[in-house]
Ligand code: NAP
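Next up is one chain by itself, shown in structure tokens, the form predicted on its own.
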């Protein structure tokens, strides 16, 4: 029996699905010893720090991750950072293959004047702030204004807009970070405007997300019926399935009986951010008004301004670079997951960019693992692992993580929450008994 040692860098969905594909590929004559390396004390990646707290069903995939982690021949090395505690060469020298599944954690920039003013944030910072990511607990989120503008037309933009627009008590039964719930309760924001550059038919929202919006109990949800009708005319009688589903869901929002709540979430299409105004902080945003001609989004030359104190951009993500790996266009340079000239592979968003849903990573990882197994040498390296390099370093193992997980769940139970997340690294390590 040959046992190949495989290192997986990044404990998010793509990493776990890669581990699962390896486990499923074990045979009578070869098996895999998997070491998963994660820089945070907590695994699960975006399932913990990215999925909106008011969407708990999506997080149930974590049960699959725990099954993978306890299936044998799997070790978690949490609280271990590549580039600081370990180097890429440490892994490529010791392991038969290294899989990089570090995702895309940096928000793309708008590239407009005023973007660095106080009150202008990226969703890549704001989302982990309300999800208790240890690196973002001190983020400055000014909520002392009445209007916030969200830039983007995908589910992340919608999550951000919804979190800002809903009545904070609706978060009491969720695992939203305590510091975020406290801040949102004091928030003065009553109007949230989501601005999309293109038309309704181009939006990257998914229809289930749109269909949930009318269920907000304390928030008016507004769309311009004329914009939706014009989009229907542009796509014709037989639009693509996803486009039809979205426009149908938008139609339901337009047609529903008007409400008169204190809070409002508005959708505005065909607007491009041009400049954010303010001296010390954001006071308004200027946007160019677009139109669609011959199927293309073009500027009309007209502009409008929206007075606001908070702007959150959600226009995409890029991978944070790792020394020793080549990046281009916000992702790792690779061919079908292979990183040329190395024994390294990549899966998930680091490989293909921020696209698809959590389940997309399963088929993606499965295809890459097939290539990895084809490339394996006849005999394993047997060069050891990283254990000796981490002597004296505080490593969060699977059993430590299980202790953290159990403690958070136990704290949430009497409050009717799925868990109370610890957002401080030291507190997380303490809960793990470290």
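Residue numbers count along the first chain shown, from 1. Keep in mind that what you see is a predicted model, and the values were worked out from it rather than measured.
The protein also exists as the form predicted in complex with the ligand; that form is not presented, and the subsequent description refers to it.
- Task: Indicate whether the ligand has at least one heavy atom within 4.5 Å of a heavy atom of residue 59 in the predicted bound form.
- Result: Judged by the heavy-atom cut-off of 4.5 Å, residue 59 is well away from the ligand in the predicted bound form.
- Any non-hydrogen atom of residue 122 within 4.5 angstroms of the ligand in the predicted bound form: Looking in the predicted bound form, residue contacts with the ligand do not include residue 122, since no heavy atom lies within 4.5 Å.
- residue 333: touches the ligand in the predicted bound form, heavy atom cutoff 4.5 angstroms: No, residue 333 is distant from the partner.
- Query: So in the predicted bound form, does any heavy atom of residue 317 sit within 4.5 Å of the ligand?
  - Reply: So residue 317 counts as contacting the ligand.
- Of 155, 246, 176, 79, which residue is found within 4.5 angstroms of the ligand in the predicted bound form when only non-hydrogen atoms are counted? Only one listed residue qualifies here, and that residue is 155.
- Item | Answer option from 190, 277, 261, 198, heavy atom within 4.5 Å of the ligand in the predicted bound form | Comparing distances to the ligand in the predicted bound form, the residue within 4.5 Å is 198.
- Heavy atoms within 4.5 Å of the ligand in the predicted bound form: which of the stretches 224-232, 250-258, 325-333, 202-210 has them? Stretch with heavy atoms near the partner: 202-210.
- Is it the case that 55, 273 and 354 all touch the ligand in the predicted bound form, with a non-hydrogen atom of each within 4.5 angstroms? Every residue of the candidate spot has a heavy atom within 4.5 Å of the ligand in the predicted bound form.
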